[in-house]
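Alright, here's a single protein chain in two forms, structure 1 and structure 2, each given by itself as C-alpha cells.
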Structure 1
C-alpha cells in the first residue's frame, strides 16, 4: 500500500512531464543535434563541433557579441532606472493613477514590429519628425545612418517599450512593503532619501534583481524591435546576437549554424538564470 501511494504522484504528474518534454525538452535537444549539422545543396551532413569552431573564429559573431553587451548594458540600466522612478511615483497613490498606468502600458500592448516601424519612420531623413527635430542640432546628419545614432535609437525604442513591464514588476514589489514601516520611519525623523536607501531599496531588492534578470534575458534574446527599426544596420552596427541568429536561420536557412548560435545564447541565459536563482536563495536566507 505504501509503495502504491509513492508511485501515484508520479503517475499524476506524468502527462504534464510528457507534455513539457514534448514542447520544451525535445526542441532543446533537437537544437543541440541541429547545431552539429550543416546543409549544402540540399544534403545535410553531421559536422560535429565545426559550427561552434566557426562561431569562435567568426569576426561577425565577436562584433555581434560586443554590440549585444553594449545594447544590454544601456537598455537594462535605462529600463530599470526609469521604471523604478515611475513605480515609486505611482506607489505614492497619485490621482489619476489609472490613466497614467494606461498611458505607460500602451507601448507594451503594441506589437514590436508596429512600434519598430513607427520609430524607423520618425528618423527618416527629410520626412521623420524626430529627425527634423534632433537632426539640425547634430549638424543635419541623418541620425539613423550613423553607427552610434542607430544604436541609440534602438536602445531608446526598446527601453520605451519595456518600461511598463519592468515598472509593473517593481510596483508589485513596492506594494508589498508594509506602510507601517514608512510611518515608523517618518516618526523617527527619517527623510525621503534616507527612507529610500534604508527601507525601500533593501526590501524591494529581490524584486529589482528579478526585474534586472528578466530585462537582461529579454535584451539578449531581443530581435523584433531591432529588425523593424534598423534590420541590424547601418552595415552591422546594430546586429545584436538575436538578429545575427535570425538572419542565419530565416534569411539564409543555415539552420545548423543558427542552432549553434542559439545554443550559445542558451548558455548565456542559463548563466543569468543561475545568477537569478542564486540571488533569490541568498535573499531568502537573509530574510529568514
Structure 2
C-alpha cells in the first residue's frame, strides 16, 4: 500500500509531463534531426554536420551575429535602465500610480506585429509623424531607409514595448525591501545615491540578474518586432539571428540550414540559462 501511494503523485503529473514532451521535447529533437538534412528538388538527404560547417563559414551568419550583439547590448541596457528608473519612482508611492501603470503597460498588451506596424507607419517618408519631426534635421531623408536609422528604430521600439515587463519584475523586487531599512538609513543621514548603492542594489541584485537574463533571451530570440518594422532591411542592416533563421526557412525554404541556426540559438539560450542558475546559486551562498 505504501509503494502505491509513493507512485500516486507521479501518476497525477504524468499527463502534464507527456504533454510537455509532446510540445517541446519532440520539436527540439526533430530540429536536431532536421539540422542534419538537406532538401533538394523535394528529396531530403542526410548531410551530417555540413549545415553547421556552412554556418561557421557563412559571412551572413557572422553579420547577423554582430547585429544581434549590437541590438542586444543597446536593447538590454536601455530597457533595464529605464525600467529601473520607473520602478524606483513607482515604489516611492506616487499619486495616480494606477494611471501611470496603465500607460506603461499599454505597449506590452499590444502584439508585436501591431506595435511594429505602428512604429513603421510613424517613419514613412510622406506621412510618418516622427519622420516629419526628425526628417528635416537629417535633410529630409527617410530614417528607416538608412542602416543606422533602421537599427535605432528597432531598438527604440523594442525597448518601448519591453519596459513594462522589466519594470514589473524590478518593482516586485523593490517591494520586498523592508521600509524599516530605508528609515534607519535616513536617520543615519544616508542620501539618495548612497541608499541605492548600499541598500537597494545589494538587496535587489538577484531580481536585476533575473530581469537582465530574461530581457537578453527576448533580444536573442526576437523576430516579430523586427519583421513588422523593417523585415530585416534595409538590405541586411537589421537581420539579427532570429530574423536570419526565419528568412532562411520561410523565404528560401532552406529548412536544414534554418534548423541548424535554431540549434545555435538553443545553445546560446542554454548558456544564458546556465549563467542565470550559477548566479542564483552564488546569491544563495552569499545569503546563507
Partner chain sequence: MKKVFFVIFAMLTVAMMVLTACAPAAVPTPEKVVETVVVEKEVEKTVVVEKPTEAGELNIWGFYDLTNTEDSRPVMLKQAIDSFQATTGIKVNYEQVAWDQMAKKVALAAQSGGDMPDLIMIAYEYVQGLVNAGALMDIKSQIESTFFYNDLNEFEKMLNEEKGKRYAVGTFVGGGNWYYDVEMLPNGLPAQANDWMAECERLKKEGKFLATFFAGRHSAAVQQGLAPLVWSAGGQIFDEEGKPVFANEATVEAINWWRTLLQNKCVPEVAFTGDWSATEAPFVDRSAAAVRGGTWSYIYITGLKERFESGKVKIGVPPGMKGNQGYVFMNTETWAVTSGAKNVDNAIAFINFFYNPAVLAPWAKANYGIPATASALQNPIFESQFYADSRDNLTKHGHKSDVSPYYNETMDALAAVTQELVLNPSLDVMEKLKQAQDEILTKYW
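If you superpose the two forms and keep the largest set of C-alpha atoms that fall within 1.5 Å, you have the rigid core. Numbering follows the first chain given and starts at 1. Note that this is a predicted model, so its numbers are computed, not measured.
The second of the two structures is the form predicted alone. Relative to the superposed core, residue 275 undergoes a C-alpha shift smaller than 2 Å between the two structures.
Its Cα shifted by 3.4 Å, residue 15 is compared between the two structures on a rigid core fit.
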